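Take a look at this single chain in structure tokens; it is the form predicted on its own.
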């Protein structure tokens, strides 16, 4: 049972007051983790990605291009656009040094006249841009009266947002959440806190959301404290999982090789040496009397799925069943398509189970798994629902495993008596970090590409030349090519992301004709499948997509990848996207469209991608250049599965957390001491409480 002291934090955001149904929907969209809606805890852990310093007040004439400033101005005049035009609404304002135009697109004129009345004094804050020698500020971030400005906070945290939610609304809700934060027991060692100069957990959260300086020592200490709390909870949970796996005796998986031979005969290619080595390592683990916990890392297109299939054959030969779990339905069905041919040839019945399977089809699959008639199933989170029972689950393979929590992995493994766990990731992880994410899981690496794969030519192209790019694509598809066109994910707003992809799809259709398809995360699963099917069959030749195609999409004859706003992506994610082409026997090209001017880090990142296709080198360079932001394809500010810990700032703390977790469990294996009891609260707080269940299970 979760400690009662945490109940207020796990309550819905609506418990804070001032949050009605409409706002709740926005918070659920931004912070909710299905099946839960947004909770008070999610607000507290929603860390700002930047801080705007509104103390800079240089005056209009002295405001530099692109600088965020606060201006004390008198509103001079409004200039509404002519009816029926798409021109912006402009309001001219002045101070002693000059005049500035405040620019608004699609505004409500009555709102602007009320907010910025002519002749009145206002404080406006935002980014200044200069056009033809005249300054302007588009959609000021803040518009305040003198009285409001006197009460305003000069340093404003910037948070990821979603449609229907403003930064000010979010800051207000977070302030309410801080008010209900209970006094929690201290789970960190007192001497360690003193040595580091770290504040208490509650004080650290207060500083995180109410900074006094941009990048100040006080702010850095607060974030480090919170990051270490999260890392320690994770390492403690991983250590408990590993201990539990080693404690339960296992029936060795001894196959006779019959299915293995049939599968190999059905494959149209030879396995690489790296694949053979990985299969041998995994089989040794499966034959051992201890349960397996192994991480299989494979670069893009290195053939992890085949390794998973051949190791699944061993589990099936030994009389057991195998489940392969993927984070999205698109990826699960992709696995099904690539596995079912060889599996059926070898006489292995394979089924799929996602949220979409309903009625008789679902019932038949559930019956087949419960009776043992179906030895191999591919699916999503649906696999660990209570209604799914296995006759004898001996191997659980979890793909893109960083998208699942420790608890979700365990819930699938718990469907069997002594299930082996194989975790797979398509994102190469630097050796220095493997242990941090996976505790002391054993690791296998696929470092070779299958024979016959040609290198992908990677070029960087300024977005100003997009017209030429579209012309060349027209010529390429006329000669039979297939093209991916990826639009960037705008994390703050799925709507903007969707609008960008939809608009680009329309532009390309007008330029190239009715050969353009569209796929994005907000589409119904059946519409996504139809769009992918059209692209695979050639009914469409260009697929405009958001990053939903980042992993698992396999169209062998796609040879051109265009990535718009490449400077917005992390290196590892660009590498993943590039890996969607070059999967057949034809030369392939990846065009990275960037918006000039590029910063130094962006230039270096694109240069690395141009120079190498080695995913492991790219991962190391990514770590050096920008920390771990997109290392595993997650949001830029953090690490996979983490909300507060940041790879670029807290690498050293990860090692310390691992040692601390081991020491704690050596001295206090059941967490019975006063610090142990507080650490249980920590595990619940960061939702790593499956570890506590393992302690109780003995």
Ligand code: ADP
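All figures in this text were calculated on a predicted structure; none of them were measured in a lab. Positions refer to the first chain, counted from 1.
Absent from the display: the form predicted together with the ligand. The rest refers to it.
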- Query: Would residue 509 count as touching the ligand in the predicted bound form under a 4.5 Å heavy atom rule?
  - Reply: no
- Check whether residue 554 has any heavy atom within 4.5 Å of a heavy atom of the ligand in the predicted bound form, and answer yes or no. yes
- Message: Test of understanding: in the predicted bound form, would residue 306 fall inside 4.5 Å of the ligand by heavy atoms?
- Response: yes
- Query: Is there a heavy atom of residue 88 no more than 4.5 Å from a heavy atom of the ligand in the predicted bound form?
  - Reply: no
- Note on the structure: Which of 96 to 104, 123 to 131, 371 to 379, 263 to 271 lies within 4.5 Å of the ligand in the predicted bound form, heavy atoms considered? The stretch 263 to 271
- From the list 583, 541, 253, 445, which entry has a heavy atom within 4.5 Å of the ligand in the predicted bound form? 583
- Message: If the cut-off is 4.5 angstroms on heavy atoms, which of these, 411, 453, 356, 172, is the one near the ligand in the predicted bound form?
- Response: 453
